[in-house]
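Okay, so here's just one chain, in structure tokens, the form predicted alone.
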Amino acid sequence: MKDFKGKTAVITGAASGIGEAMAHKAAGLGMNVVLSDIEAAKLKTVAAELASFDVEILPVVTDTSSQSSVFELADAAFSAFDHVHFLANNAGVSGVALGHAWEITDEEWQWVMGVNWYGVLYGVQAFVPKMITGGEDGVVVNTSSIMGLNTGRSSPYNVSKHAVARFTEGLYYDLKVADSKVTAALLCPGPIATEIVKSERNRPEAETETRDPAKAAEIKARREAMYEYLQKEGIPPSDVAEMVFDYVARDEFYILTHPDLIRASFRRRAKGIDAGNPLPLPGDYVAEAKEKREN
């Protein structure tokens, strides 16, 4: 997909971070933009910011963990613009899980998997059949993460991003087999200066009220530390948006914001598969385990 002007983009998670940056980039390229997010007030602000572009902007409040909500988004988009050419299934939450795999609550799994994984699945189900039927060039960009290609400790976030990565690879092949003009791409961001670690602001209240004070304090401290790290070391979301449209124009599948970091992480996982060795652990995990044993 090389020509963006006059086409239509639908972007979930468009009220902040990478989604907001992609919305600005799409509008700057002359695309009509359907903005989707669960945060109504922030969505309205972004829509107002994009009003200066000579394009049509349609904000639609959406809960990507709800299949009916995502299908309603698709209905609104196709009703307004007839065709959708660029779909970014980008909405995501970081989750707040602490502890081992067997200690994470069902509520945490349901929240994170609902937004990160099912949001992508529902987006494909709602939009792709109509995009194919439309007969025009198009692309589906699904946002995974560096965590979708590497190995490490378990968390709903990591698992959800692995699911997105494998699903999008399969979607790419399915679209080729179907001889469709629509293709797929996988966005795998490394550290980005966003507020994703503060996504608990959108977590259902009933799931936060059950936490004991000590656990809540630990979660808050870890979240603040990660937020400071991302603001200091992460690249701007606008840089990611530039990469996305550049990669899409070149018809490349893997969109890697930190290729060296991501490939090194991926090779660690591949080493265990290739050589038949035990799964190699990152050094910090080994050091953490050793420290706990010694104490």
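Source: prediction; values computed, not measured. Residue numbers run from 1 along the displayed sequence.
Beyond the structure shown, there is the form predicted in complex with a small molecule, which is absent from this document and is the topic of what follows.
Student: Just one of 58, 230, 243, 55 has a heavy atom within 4.5 Å of the small molecule in the predicted bound form. Which one?
Tutor: After the contact test, the surviving option is 230.
Student: Please determine whether residue 161 contacts the small molecule in the predicted bound form, using a 4.5 Å cut-off between heavy atoms.
Tutor: Within the cut-off, so yes.
Student: Check residue 32 for me: does it contact the small molecule in the predicted bound form (non-hydrogen atoms, 4.5 angstroms)?
Tutor: Residue-level check for residue 32: no, no contact with the small molecule.
Student: Is residue 256 close to the small molecule in the predicted bound form, meaning a heavy atom pair under 4.5 Å apart or at it?
Tutor: Contact check for residue 256: no, nothing within 4.5 Å of the small molecule in the predicted bound form.
Student: So in the predicted bound form, is the small molecule close enough to residue 196 to count as touching (4.5 Å, heavy atoms)?
Tutor: Yes, residue 196 sits close enough to the small molecule in the predicted bound form that at least one of its heavy atoms falls within 4.5 Å.
Student: Could you tell me which stretch in 100-108, 121-129, 166-174, 184-192 has residues with non-hydrogen atoms within 4.5 Å of the small molecule in the predicted bound form?
Tutor: Of the stretches listed, the one contacting the partner is 184-192.
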